[in-house]
Structure formats: structure tokens, C-alpha cells
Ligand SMILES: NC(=O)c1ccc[n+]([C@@H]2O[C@H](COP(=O)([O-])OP(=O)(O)OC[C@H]3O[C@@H](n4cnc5c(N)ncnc54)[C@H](OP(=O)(O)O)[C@@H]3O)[C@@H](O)[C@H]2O)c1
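What follows is one chain in C-alpha cells, specifically the form predicted on its own.
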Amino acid sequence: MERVVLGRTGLQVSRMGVGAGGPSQIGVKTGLSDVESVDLLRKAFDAGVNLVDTSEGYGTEEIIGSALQGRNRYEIIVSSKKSTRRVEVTPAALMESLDASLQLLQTDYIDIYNLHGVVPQDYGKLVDEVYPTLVAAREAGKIRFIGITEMFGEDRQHTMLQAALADDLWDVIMVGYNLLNQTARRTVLPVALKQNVGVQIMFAVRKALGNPENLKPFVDALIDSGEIEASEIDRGNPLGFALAHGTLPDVAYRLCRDEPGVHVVLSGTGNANHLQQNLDTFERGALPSATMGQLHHLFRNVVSTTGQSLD
């Protein structure tokens, strides 16, 4: 598994990270027992994946804590998050959540601790009232680096992250980016690259990119909205030219992985076969430059979807 330096953090991270949320939650939502989920995560670690991302709201911190036992703690990069959407976040509440996460994760520190799902209207207050507490937690050794994640479904053009990058307070950001909605490659990723900010990608594969049949209604909707030129795409086989180089999820992951400024692409999984498919994808080389260019061109005007739903 290829590793890169996660921006200004200096951490060596695998290009693929395990996302412990999403529709599978390391098998929690696919029927695995906690013991089986722990085993699945350890399989990822054994294959060279060294970053796992979770949150207080996912219900997977305890599983990750169990998977860390018996391993050199410094070999695994743990990212966790404090939820901010529709909840009041005070310094005391943040520290309470952080301490609870540390206990569940069975660790003395969290490598990257993020304010999670921050929307534009909450950003300024969180910086003024809560950010100093994150700095204090870092100085106390409870966290190593400070991150922030967006609410992609409500902020599809990354207004909050643009403000966050302008402030240059954050060591790591998590941004929604995928084959369909590539707005981040214009508004977020170039700035993050210039400032040497670590970047985790979420939403690389969601419903639309799970298989070609799922993709078709999304493409139809984007043609109807004028965001895709109908003359430039085959409705019956929208990405046939790209699927000559891999499955749809494979192509989607590799497009994100190789975008300048991207360090880690999060990949959820709920079983060992799916995990192996994802591992195989991240071992593959880059897509042909002509294919990348065509994918960038086709979806250049898309802003209305995250790939999760047609709403």
C-alpha cells in the first residue's frame, strides 16, 4: 500500500483509509458481530492500511479500540470527530466528547481530531468559541492534529471549507469529492495543496457510483438540469469509455486518489471480499490521462449532487 505524507502533519499515511461510518460501518450495519468487525479492520491493517476514520456518532470507536490492541499504536493513524450539526458545542461538551472517545478507543491520544459536519453558518462561532479548546487539547497531548469536516449534502460547493482554508487554522480537512461532483478540484484542493493542508476524501463512492445501473438515473437528472451536455455522453452506457479500465467503483476511487492535493481516500467496507476489492483498486496504477481528462470534462459543471441521492 502506497503511503504519502499527510501535508503539514508529517504523518505517513496510506492512500486508502478505512471509513468507519457510512452505510456499512465496518460491518456493523451488514450483520457482522463486533468480533468480526474487529477482525475485518485488522485485515485492513495487515494489508498496509494505516488510517481509520471514525466519529463519536458512528458507534464504531469501541471496535477500533479493540482492533488497536496488541499493535504498535504509532503505526496506526486514528481520526475521530466531534459532531457539530444541530447540537450546541461548548468547550466543556467538546472535552467531554473527546475524553469519551479516548476511553472507547483505548488510547491516550487521537492523531487527528475534527470538528465534524460544520456548516457555513456555524463556522465562525465554532472558531471563536471552540477552536481554542482544540488547541488546549493538543497542548495537553490528547490530540496531535486539528481537523475539520464539511457537511457535503448541505454545502455542495464547499463554502465552509473555503472559509476554513482562508483562516489557515486547520492541519487536516475532510472534503466531499467524487467523479460526479468535482467542485472541490477548483475551490478547495488547489488551496489546500498550496498551504500543505492534509486532505481526506469522503463520498468517493456513493450510491451513484456503486454500479453502472445506479449511475444512469443520476446522469439523466444531470442532463435534464443542464449540468451535463447530452451530446457529450451516452445515456445508455454513460462511462463505457472509462469502464474499459476497471469497474465503476475502481475508476471512481482512482480518479480521487490521483487528484493533486489528495492524500487519503476513505473507503467503507462491510465484508472481507469487498475490502479486498478496495485494496486491489488502490494497488492499481493511474487511469490513462485521456480518460481522466474526459471524466473531468464531462462533469465539469455538476454542482447539484453528491452522488448519494437524486434529491
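Quantities reported herein were computed from a predicted structural model and do not represent experimental measurements. Numbers for residues come from their place in the sequence shown, where the first is 1.
There is another form of this protein, the form predicted together with this ligand, and it is not shown here; the text below is about that form.
Checking 41, 49, 266, 251 against this ligand in the model of the complex, a heavy atom within 4.5 Å turns up for just one residue: 266. Note on the interface: of 165-173, 219-227, 102-110, 148-156, the segment with non-hydrogen atoms within 4.5 angstroms of this ligand in the model of the complex is 148-156. Three-residue candidate spot 7, 184 and 262; no residue lies within 4.5 angstroms of this ligand in the model of the complex by any non-hydrogen atom. This ligand in the model of the complex comes within 4.5 Å of no heavy atom belonging to residue 89. Taking non-hydrogen atoms only, residue 66 never approaches this ligand to within 4.5 angstroms in the model of the complex.
Looking at residue 278, you'd find a heavy atom of it within 4.5 angstroms of this ligand in the model of the complex. Residue 294 falls outside the set of residues with a heavy atom inside 4.5 Å of this ligand in the model of the complex.
Contacts with this ligand in the model of the complex, taken as any heavy atom within 4.5 Å, map within 49-79 to 53, 58.
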